Ligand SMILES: NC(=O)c1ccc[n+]([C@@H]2O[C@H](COP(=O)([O-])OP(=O)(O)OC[C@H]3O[C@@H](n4cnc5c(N)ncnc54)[C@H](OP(=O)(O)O)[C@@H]3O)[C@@H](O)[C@H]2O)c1
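Only one chain is given next, in structure tokens, and it is the form predicted on its own.
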Amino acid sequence: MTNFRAYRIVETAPGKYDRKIVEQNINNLPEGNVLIKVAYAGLNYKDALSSAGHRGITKEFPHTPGVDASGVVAQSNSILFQEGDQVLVTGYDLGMNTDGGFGEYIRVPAEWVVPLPATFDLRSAMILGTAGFTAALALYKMEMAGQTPQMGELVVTGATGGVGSMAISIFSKAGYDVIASSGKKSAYDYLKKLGAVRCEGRKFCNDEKKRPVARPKWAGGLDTVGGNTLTSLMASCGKNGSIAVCGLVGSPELNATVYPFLLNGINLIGVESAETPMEIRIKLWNKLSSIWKPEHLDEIATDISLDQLDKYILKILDGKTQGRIVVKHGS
């Protein structure tokens, strides 16, 4: 009988939720053939939404969020993993409707588990987490559609967020010149240290005239904002460039025309990382641990304890975090 601490969301009344750290027992974890003692977890915007009771993320409560986790296999009924293996889990249903990384133990299917790449430790894997994996998947799909560094600069919106920060670092490591778009001028030195060749304000990627096609300003990009920002990225994208979409912190709406597709041959690429097939998942983690391995990971990370998590969930909901928040379990 092993008890452990977990950050638990409880629905106290219809639409009312209480967030607190409680003691759980591993016997109450969901079914799965790999039990993992979690060392680190990453805080994502999706976790914050789950913690706020968002039914589009989590359908039933009580619940333990945390879509990212890294740790050591404590028990395995799978031939793929043995006790003591260092592993990571990002995506699938972890932290959504399956108790996630904000608990000191998780139990998951072996099909969700990735062996820890040799060049990572458990903490660095969570600095990347879903954010780094999403940025890598975006670049992978953009290059599958023909994007190359020779075509010109890539723009990244929401640049100080987890995905944005990771995208700047990964894209620049892959040989691209990256424009960082952010409304936080105080973070420009941080963004340049990650690899941005220059920084621009939000208006740079938000055409208030709403022109269907405009003068090219970038060869492609990654958008985490949505709304008119996404429309503007499409309108000012160069010939045959790709715009990858992975967020909607500004708006889920898209009011656009077909002209960027017909006149400039652009590609609009959706990025959904949670259900990425394991073959591609392993391929991307291998790239992230080698030729795409971000530099300055410590510059991107803020380490917190489980007891500090509630404060940082409120901060990420208010858009007041920078880079990646990493939750460390234990001492």
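In case it trips you up, residue 1 is the first one in the sequence shown, and so on. Being a predicted model, the structure only gives us computed values, none of them experimental.
The same protein also has a form predicted together with the named molecule, omitted here; what follows describes it.
Quick one: find which of 156-164, 212-220, 112-120, 71-79 has residues within 4.5 Å of the named molecule in the predicted bound form by heavy atom distance. Selected range: 156-164.
### Task
Give a yes/no on whether C246 approaches the named molecule to within 4.5 Å in the predicted bound form, heavy atoms considered.
C246: contacts the named molecule in the predicted bound form.
Is there a heavy atom of L309 no more than 4.5 Å from a heavy atom of the named molecule in the predicted bound form? Contact check for L309: no, nothing within 4.5 Å of the named molecule in the predicted bound form.
- prompt: According to a 4.5 angstroms non-hydrogen atom cut-off, is K193 in contact with the named molecule in the predicted bound form?
  reply: No.
*With the cut-off set at 4.5 Å between non-hydrogen atoms, does T90 touch the named molecule in the predicted bound form?*
Contact check for T90: no, nothing within 4.5 Å of the named molecule in the predicted bound form.
With the named molecule left out of view, which of T231, S242, T130, S169 would have a heavy atom within 4.5 Å of it in the predicted bound form?
Contact with the named molecule in the predicted bound form is made by T130 alone.
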